[in-house]
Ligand SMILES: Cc1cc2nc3c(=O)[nH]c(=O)nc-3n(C[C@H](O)[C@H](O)[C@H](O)COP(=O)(O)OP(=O)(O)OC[C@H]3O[C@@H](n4cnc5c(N)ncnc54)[C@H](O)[C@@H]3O)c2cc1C
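Given next, in structure tokens, is a single chain: the form predicted on its own.
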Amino acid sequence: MTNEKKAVIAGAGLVGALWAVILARRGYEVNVYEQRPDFRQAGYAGGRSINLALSERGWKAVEIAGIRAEIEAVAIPMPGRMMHGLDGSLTFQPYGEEGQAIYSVSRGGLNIELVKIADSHDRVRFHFNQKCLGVDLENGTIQFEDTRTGVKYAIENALIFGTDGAFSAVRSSLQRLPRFNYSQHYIDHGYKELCILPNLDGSHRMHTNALHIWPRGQFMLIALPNLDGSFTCTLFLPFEGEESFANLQTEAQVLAFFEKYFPDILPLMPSLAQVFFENPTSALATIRCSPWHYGHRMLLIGDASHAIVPFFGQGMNAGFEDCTILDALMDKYDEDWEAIIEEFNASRPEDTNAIADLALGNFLEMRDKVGDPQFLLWKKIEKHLHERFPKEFQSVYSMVSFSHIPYSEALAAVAAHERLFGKMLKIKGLEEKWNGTEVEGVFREWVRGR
């Protein structure tokens, strides 16, 4: 192998493992370094996970890697979300058109599968228990420490990709540079992982093919299905305030809180209090930075450069889309990494900043609006307009989850759609006229004014 065909990836998470597969298919010798022990043997540490929703952007990268069949085998389609009312009522809301779905995947299960696939390539080698100490920018080397032996060493003459997550050691080296921009913003809510175990026969205890949501205004609970019949549940709740993690300090407080707001789930969680106190309360941050590179031999991708909150289900998908874009740029510039990195760094941040904003906005929708009659009417009209005018109208959710429209265009559509539906929702008797000529007249006027 020539030096140009050698790559070092810091971080064996989802993006790092997938990117290793794509690079190997292009003939690169890839060495992946990971601080954790080999989770294929040690097991994937749980307790703070949020199940992932694989959608169109993620699937495209998976297809480029040539591994769609393998990933479909560990994914569960969710064509819609199931709303759980306080009174126990259920309402199913489709996400898109007939046949469209997002897919529930276990973070740990998917990561293990991707590492197995990557490790099967003779050009890929994984090195576990290797802590990244940062990058020597002057010499272009990346430094590691073997956590078992304490031996420190440096690797040179390779392309360096930092895929080591939101608290990236590779990025920390860049942060010491003058004019490096960095921001880290935590929201007021944290999250707690919970679990619904399967029935004795291994079947799911709720509707399998749906993302379940219990919206409660300032907080919510979600549940996504797993292949073993369980559901990974996540409680999103303020850290402080009247209803908050700060006020859930005893078993009695936890059970009273769930009895008040999620009574239908209590019979499904007999060990609720035990799991609640075993699992940590974790924080949620948006991270933005620039530039994402140093020279033309080191690049940040995935959460290392653009970590976002999980409320649009796009964190992994955005990271996978990084791989898709880089793969296309490798074709465009015949693997000239100086040109690839320059264009990627110039164009990609606009879209990752946009999905960061969209994810923050979607939190309000999920925890509050999804049970509102006006919102449900909005969604009904959205579906009608797309069926009647497929070339002129697509919902923001569909733009993000079921297309490759740039995230920045989807963000720009939010304000435009708010203007459109603001006018429609003022129509008297809209509940009966939602698919009538008056609504379509407002829509046509909106299209002409764009």
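From 1 onward, residues are counted along the sequence shown. As the structure is a prediction and not an experimental result, all values here were calculated from the model.
Keep in mind that the form predicted together with the ligand is not shown, yet the notes after this line are about it.
Remark: D303 counts among the residues lining the ligand in the predicted bound form, judged by a heavy atom distance of 4.5 Å or less. Proximity of W59 to the ligand in the predicted bound form: non-hydrogen atoms within 4.5 Å are absent; the residue sits far from the partner. In the predicted bound form, the ligand lies within 4.5 Å of some heavy atom of D164. Under a 4.5 angstroms non-hydrogen atom cutoff, the ligand in the predicted bound form has Y33 among its neighbouring residues. Per the 4.5 Å heavy atom criterion, the ligand in the predicted bound form is contacted by stretch 129-137, the sole one of 150-158, 129-137, 81-89, 271-279. Proximity of G16, R107 and M316 to the ligand in the predicted bound form is complete: all three residues have a non-hydrogen atom within 4.5 angstroms.
Shown without its partner, this chain lists L385, M399, I67, I50 as candidates; in the predicted bound form, only I50 has a non-hydrogen atom within 4.5 angstroms of the ligand. Scanning I340, V254, A169, M220 against the ligand in the predicted bound form with a 4.5 Å heavy atom cut-off leaves one residue, A169. Residues of 187-219 that come within 4.5 Å of the ligand in the predicted bound form, judged by any heavy atom, reduce to Y191 alone.
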